[in-house]
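The chain below stands alone, shown as C-alpha cells; this is the form predicted alone.
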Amino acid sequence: MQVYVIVPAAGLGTRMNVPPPATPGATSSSAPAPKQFLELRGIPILIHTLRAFAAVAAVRRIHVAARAHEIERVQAQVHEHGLDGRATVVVGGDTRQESVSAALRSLHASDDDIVLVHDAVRPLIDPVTIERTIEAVIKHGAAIVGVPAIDTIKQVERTAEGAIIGTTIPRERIVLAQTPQGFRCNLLRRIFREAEADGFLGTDEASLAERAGVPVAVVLGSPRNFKITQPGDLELAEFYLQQGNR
C-alpha cells in the first residue's frame, strides 16, 4: 500500500487581493498574486504545504495541479526548495474538481493505495493529523479532517432585504470540513467518474462521496489548519509559524 497526495493549486484566490511582491519592471497594474504563491516567512505558502506532507514517511509522492501558465513557476519553486524527489507538477483545471481529477489521472497508483487531497493554502497541517487521516482511510475507506462547530449555527432564508433565521442547528451535529480528505484510490476514481458522467460539481471530495452513498469518517482537526483566504489570515499564519518554528 502506497500513499499519494494531490494538492490542487490552480485557484486564482480572488478574495485575497494582495498585490504581488515588487519586481523589476512591475507596474501598478500588476495583478494580485494567487494566494498559494504569497510568502510566509520568505517561503511560498504552497511550499510550506508541500513540506508538511514531505515530512511524513508514508507519503510516496505529491502531485501538484497548477494552471498551465504557472507550471514553470511551480516547478522552479519545487526545485529551489529541494522537493524534486517528492513532488510532481501537472496541469490542473478551472475548478478544484477538474484539478483533482487531472492529478488523479496522473497517479500510477493501485486500487488499494491511499490518496489524500489537501488545499494548497492550508500550510499549517501537521504530520500527526496527516498520519491519523491515513489510519482512518485504512480503517474506513474514506475520511476527512474536520473540527467541531463552536458558534451557534443558524439556518436562514435569504430575502431581498437580507437573511431571516429559520432554525437553530444543534452544534453537536455540525463539523467544519478541512483537508486532507483521504480515500482508497479505486473509490476516489469511482466517485469522480460518476460525478463527471452526471455533470455534478461538488464543493470538495467528500461531497462526491456523500452523493454516491459512501460513508466518510471524520478525523479531529485543529483550528491551526485553517485555509488562508483573506489578508488577515496571513498575519495569523505568520504567528502560528513563529510559535511552531516552522
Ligand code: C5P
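These numbers come from a predicted model, not from an experiment. All residue numbers are counted from 1 along the displayed sequence.
One more form of this protein exists, namely the form predicted together with the named molecule; it is left out here, but the text below deals with it.
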### Task
Please check if Q155 has a heavy atom lying within 4.5 Å of any heavy atom of the named molecule in the predicted complex.
no
### Query
Closest heavy atom of H63 to the named molecule in the predicted complex, within 4.5 Å or not?
no
### Message
Test of understanding: in the predicted complex, would K227 fall inside 4.5 Å of the named molecule by heavy atoms?
### Response
yes
### Query
Is L116 close enough to touch the named molecule in the predicted complex, meaning at least one heavy atom pair within 4.5 Å?
no
#### Entry: Single option in R96, R86, H140, R132 placed near the named molecule in the predicted complex, where near means a heavy atom within 4.5 Å
R96
### Message
Counting heavy atoms only and using a 4.5 Å cut-off, do P8, G11 and Q36 all touch the named molecule in the predicted complex?
### Response
yes
### Message
I need the one stretch from 168-176, 120-128, 78-86, 147-155 whose residues put non-hydrogen atoms within 4.5 angstroms of the named molecule in the predicted complex.
### Response
120-128
